[in-house]
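This document starts with one chain, in the form predicted alone, laid out as structure tokens.
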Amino acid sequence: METLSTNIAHGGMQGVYSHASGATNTDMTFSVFVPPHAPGAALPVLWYLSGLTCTHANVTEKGEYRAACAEKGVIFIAPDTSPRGDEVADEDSYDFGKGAGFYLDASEAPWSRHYRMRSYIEEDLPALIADQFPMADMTRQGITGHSMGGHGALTIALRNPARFRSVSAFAPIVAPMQVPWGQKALPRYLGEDRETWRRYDACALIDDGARVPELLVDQGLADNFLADGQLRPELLEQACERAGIDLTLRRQPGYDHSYYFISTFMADHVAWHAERLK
């Protein structure tokens, strides 16, 4: 692991790091905020997965999570959204390729060589965190994310309920099989077998029996992607009702899809996770 930068903030340490990933076969960059803590303390971990076009930097610079994490004693980890590098397949499209890894393991060429974000988030980066950050208590992990990252947080938590004790999301893509973003990305990354798509669709996973005890979701009602049908929170609401999952879905009037929205409710989410990660 290489340290790219460190800065003191709210009494803790905000770092940006890179490492050679065995999952993506590329160098990957991520950020970690470690709050102030006593020597030998074991701190819970909150993962944040970013949305389309983003890197670790968006939430690190605009997410306004550090004060809440310092108050609650929570480590905050922000990975990238896709593999990077000149050798990585890409296309001139904001919603596919670099910046749009959809937190899945691609099976179709040329994407399968590097686009393995599921393995990166579920296995590769957690192993590095456990090795390099001894204060991180990997028995107490929560996960959240925004938009495509909300999709990642929900699906990863639903597939790994024993690992993640809390899960929330900001304006998540809850049913990619039923919206244009997913209908573009899933067949190209995974092929035409729709059964394989279900592993990466929160509503489908719930209907197939995946369970978490509870969910917190915030959705801005002035979100342009809500208006054009890319976000379908009502489908998650219906799936959770059928499954008996306790969903708190907060529809926030006037808020859009931006980090103005995310930063407004970030402290609520940090506190919500901290309570469940005690």
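Just count from 1 along the sequence shown to find any residue number. Note that the coordinates shown come from a computational prediction; the quantities given were computed from them, not determined experimentally.
The form predicted together with a further copy of the same chain is left out here; the points below concern that form.
Contact check for residue 62: a heavy atom falls within 4.5 Å of a further copy of the same chain in the predicted complex.
None of the heavy atoms of residue 17 is located within 4.5 Å of a further copy of the same chain in the predicted complex. Although the partner is absent here, residue 66 is a contact residue: one of its heavy atoms lies within 4.5 angstroms of a further copy of the same chain in the predicted complex. Contact annotation for residue 25: none of its heavy atoms lies within 4.5 Å of a further copy of the same chain in the predicted complex. With a further copy of the same chain omitted here, the record of contacts in the predicted complex names 249 to 257 of 226 to 234, 249 to 257, 45 to 53, 205 to 213, defined by a heavy atom within 4.5 Å.
Counting a residue when any of its non-hydrogen atoms is within 4.5 Å of a further copy of the same chain in the predicted complex, the hits in 4 to 43 run 7, 8, 9, 10, 11, 14.
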